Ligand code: HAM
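Form predicted on its own, single chain, as structure tokens, below.
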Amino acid sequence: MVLSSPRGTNDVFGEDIKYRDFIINSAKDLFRLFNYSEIITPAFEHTEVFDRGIGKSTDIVKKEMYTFTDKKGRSLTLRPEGTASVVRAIIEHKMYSEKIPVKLFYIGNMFRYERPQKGRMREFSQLGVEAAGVAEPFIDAEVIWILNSIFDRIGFRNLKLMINSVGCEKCRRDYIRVFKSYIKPEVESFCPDCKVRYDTNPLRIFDCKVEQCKKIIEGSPKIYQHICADCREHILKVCHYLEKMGINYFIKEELVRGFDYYTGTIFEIISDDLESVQNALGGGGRYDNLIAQFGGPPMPSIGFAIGIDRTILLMRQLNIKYLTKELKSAAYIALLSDKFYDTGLKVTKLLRENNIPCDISYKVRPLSSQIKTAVRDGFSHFIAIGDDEIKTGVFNVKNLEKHTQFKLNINDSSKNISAVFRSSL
């Protein structure tokens, strides 16, 4: 019997690794530009971190978390998202005592027990940022700027940035009363989940994908129309800064996010090109009360997360090629006899010490076969080791792309090997 990976998980290898590295490296370059530092949190936390952070009434906490009891009876949960873990770490290590704002980014796997489908798996990769300690709307615009820039660098052009405000605690509370009053006559027509949401978390009804529920709330009052003056001033300033930066957006008044901790500004980037029901590539928002709720000081905060796997999916659909940061020079070393292994080792050692990626044939095969292998595997250069090369210490290096060649003397250590290879491209 051949074992397979668990349902909802994938093995990531080959080209997908290169896509993944390209996305992560593009994001890391931007994070450095914006002065964000990396944080790595545990893959599992005490369950309370997510109960308190995400909200017990959310679908994630109620239905989708991988929760287990350890050998001492403690309840632990594989992280379903990144923000709650980062907030826990900020408080535990008192990061706010060093400097404000605390600007962090993370990259890691998340876990949710969902029905697997294209663009949504039970184990998935995310990267995200969290900026804690700043209330001003400029940082909202800056965080959205980073999110937008990541996708711009990847090469996506047909994206939609949607923003909204879910208000502060007071104006959201007032809005919920208005919203519940509007939909009360239709409560019995809702799906079973939305009937529960009506009492526990009415805003989650906007997330429902059931057509009947969507139809009921189609003409309902939207939270954007009911936010207080301060919240309206904040979101309008965010919009102003986005316009100044030339970032296109539109206000989607029915936009909500799936976590209870959001306050004020929320945003999402979607792609109509994504051939999947799951067309959101990334999103986030403010969570001004979460750090205090966790026992830390009052610290208004904002962040976002990007789905790496879904981003790879869209890159493949649009035929956007990853651009690796590897040297374009990569040499394949072909042995024409098994007596040349010592020299082959010397050549590979020389190249690798000069930062030239290379590989060796390992097994002696006909020269034509080894050239085909080098071309197939994407090597830019080809070096054959035979009797003449052993005698002289000089090797012909063939450029497989340009069909040119140059000589490499392995006894001449004064040469800049990297420069020689690069100049041949």
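Computed from a prediction, not measured in an experiment: that's the story for all the values here. One rule holds for the numbers: they count along the sequence shown, beginning at 1.
Note that the form predicted together with the ligand isn't included here; everything after this is about it.
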Look at the stretches 194-202, 234-242, 120-128, 67-75 and give the one with heavy atoms within 4.5 Å of the ligand in the predicted complex. 120-128
In the predicted complex, which of the listed residues (P137, G303, P300, G167) lies with a heavy atom within 4.5 Å of the ligand? G303
Using heavy atoms and a 4.5 Å limit, would one call L281 a contact residue for the ligand in the predicted complex? yes
Look up in the predicted complex whether F259 has a non-hydrogen atom within 4.5 angstroms of the ligand, and give yes or no. yes
Evaluate D207 for contact with the ligand in the predicted complex, applying a 4.5 angstroms cut-off between non-hydrogen atoms, and reply yes or no. no
Any of the heavy atoms of R112 lying within 4.5 Å of the ligand in the predicted complex? yes
Kindly confirm or deny that Y287, G307 and R310 each have some heavy atom within 4.5 angstroms of the ligand in the predicted complex. yes
Contacts with the ligand in the predicted complex, stretch 90-110 (heavy atom within 4.5 Å): Y106
